[in-house]
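Just one chain follows, in the form predicted alone, and it is written as structure tokens.
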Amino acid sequence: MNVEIALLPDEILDKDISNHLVVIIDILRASSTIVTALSEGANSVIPVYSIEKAIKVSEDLCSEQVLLCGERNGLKLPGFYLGNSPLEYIGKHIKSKIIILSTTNGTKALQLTRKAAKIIIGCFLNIGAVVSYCQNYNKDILMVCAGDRGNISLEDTVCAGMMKYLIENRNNGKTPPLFFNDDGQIAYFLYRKFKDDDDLIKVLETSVWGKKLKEKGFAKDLVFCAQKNLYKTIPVLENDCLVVADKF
């Protein structure tokens, strides 16, 4: 098994990922929101980058079970049911719903990796489950950080570094995977700097996007998204929908 990390989705535009398991990481906040929604009982999440397409998909499905959700620049889109705060996706209103989600960074990263053999969603909230899933995958793995509108994101990079560390150190006697690109080393060194639980909150609060979310009134999101292993749910992309993955 080879494991690579891409600190930005654009890094893989010319890469053949048809045989890879891709892990999309967008801590603030698409990954955290998707994991929360499915863990709280949503039927599925349909990721759509274009706002216009998201509205059209909602109209085509035309069901009371469909919730049109999304954000741009951190704020809920006008006329949409929910934004992109994971805290909005906790409660009975999410049970059995089909969520159409359009976000600034996370859904774009999903769009750019559609040619992968398999795509799952990872964050701090489900990091232990993601690591176990990766360890049982027999082919190459690529962790893709969504970043922040074309810029490297501190929180995504630290999470990828934590995944790298855990995969290497919880191999249950198996041959350790080979990490061979510099992005992986950068992510690992950053994780070592912020590896304590309290420091994970510090990562989110000091990152550029974390500061902006705090200014917009989403300080509670940072605390929530910094939690490790709150859920065991692994969202996997199947037929353009994110659903709960079967365990190995």
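Since we're looking at a predicted model, the values are computed, not measured. We number the residues from 1 along the sequence you see.
There is also a form predicted in complex with a small molecule; it is not shown, and the following applies to it.
**Request:** Just one of 25-33, 200-208, 182-190, 40-48 has residues with a heavy atom within 4.5 Å of the small molecule in the predicted complex, so point it out.
**Result:** Only one stretch passes the 4.5 Å heavy-atom test: 25-33.
**Asked** Is T104 close to the small molecule in the predicted complex, meaning a heavy atom pair under 4.5 Å apart or at it?
**Response** Judged by the heavy-atom cut-off of 4.5 Å, T104 is in contact with the small molecule in the predicted complex.
**Message:** Residue-level contact is defined here as any heavy atom of the residue lying within 4.5 Å of the small molecule in the predicted complex; does E88 satisfy this criterion?
**Reply:** Flag for E88 set to no.
**Asked** Taking the shortest heavy atom distance, is L67 within 4.5 Å of the small molecule in the predicted complex?
**Response** L67: no contact with the small molecule in the predicted complex.
**Message:** Contact with the small molecule in the predicted complex for A54, defined as at least one heavy atom pair within 4.5 Å: yes or no?
**Reply:** Heavy-atom contact with the small molecule at 4.5 Å: absent for A54.
**Message:** Since the partner isn't included here, can you check whether the small molecule sits close to all of P9, E11 and L112 in the predicted complex (heavy atom within 4.5 Å for each)?
**Reply:** Zero of three within 4.5 Å in the predicted complex.
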